[in-house]
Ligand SMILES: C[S@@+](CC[C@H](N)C(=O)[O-])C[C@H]1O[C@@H](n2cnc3c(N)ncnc32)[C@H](O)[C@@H]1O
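Presented below, as structure tokens, is a lone chain in the form predicted on its own.
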């Protein structure tokens, strides 16, 4: 670390609790419900893990993941590796990460019901045309990262397929506990969960076939920087699925938020007929921070700037909805600004009943940069 002696650096790192993985459970357990089921899945891809502090190699020692470069140690909770490392230690003042983390620790979203099962999760997820198309068309045997997975609905849904491996990552340990509990209860073998800070990723560059960041980057202090951090984890030709709020599409939600704020939530109970609805109300109207983004901003400033090929969007640019028969794997014209604006106006009209969320899919066409391991560590600490 620049300007800090090694002794001080280590003490600063160890002030933050880190994750624990119990290999005795991993090696001896044969049940999917065991605490080691997540680690057993991650061990199949142990070479993709890297120390979130320095980028060094992580090794398993009984119940600890230890970096063999900087000596940082990471523990686990309920079988969930805790690889969260706060980036503000290296980058300066406290940002919104802690505020958002605290919010989701108190309000994990979305909730699972007591009667929910793997079958009901698939049925619910497949009712969304986009989720169904992703399930059908994501590459066979793909390694998928669901960044900002929350309670893991999408990760568990995609993990029900036997030919892919899904890693759900989030900063909220409480949300991940619920994701892991559902996974173990339903015997979903191809999903695993890990705690991480997306700005200090515990993964090596260029290791994932698909990265999903749905409804997460707009809750960070620097969405573009978060996108860049996650984009670096994609293999060449890997797919990036990003979901963000649109300013026009969010108008309806903003008006409802103002109403509830003005009435001091006195009528909120009308929307709280169940715990799931209460959770959704808090998610919609009590978020500590959120940004909004235009379609053209993503196609130009995000995708094109990172050499991403635009594949598809939902809602479709120039149309209202996915028909359900599209092929999401081929490049398309993202439309001109007038087409994008008309699409956003349509989102505003439909925003009376929805969240104003849009999803874009891009393919990584950039050539990977070859970096030696010591150079990675030096760049991470600098």
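Positions refer to the first chain, counted from 1. Not measured: the values here are computed from a predicted model.
This next part talks about the form predicted in complex with the ligand, which is not shown.
Of the residues 293, 164, 250, 219, just one reaches the ligand in the predicted complex with a heavy atom at 4.5 Å or closer; this is 219. Residue in contact with the ligand in the predicted complex (any heavy atom within 4.5 Å), chosen from 246, 72, 125, 283: 283. Using a 4.5 Å cutoff between non-hydrogen atoms, residue 196 counts as a contact of the ligand in the predicted complex. Although the partner is absent from this view, residue 110 contacts the ligand in the predicted complex, with a non-hydrogen atom inside 4.5 angstroms. Using a 4.5 Å cutoff between non-hydrogen atoms, residue 149 counts as a contact of the ligand in the predicted complex.
Although the partner is absent here, residue 156 is not a contact residue: none of its heavy atoms lies within 4.5 angstroms of the ligand in the predicted complex. Heavy atoms within 4.5 Å of the ligand in the predicted complex belong, among the stretches 165-173, 73-81, 179-187, 256-264, to residues of 165-173. Residues 214, 215, 216 are the members of 201-218 with a non-hydrogen atom no more than 4.5 angstroms from the ligand in the predicted complex.
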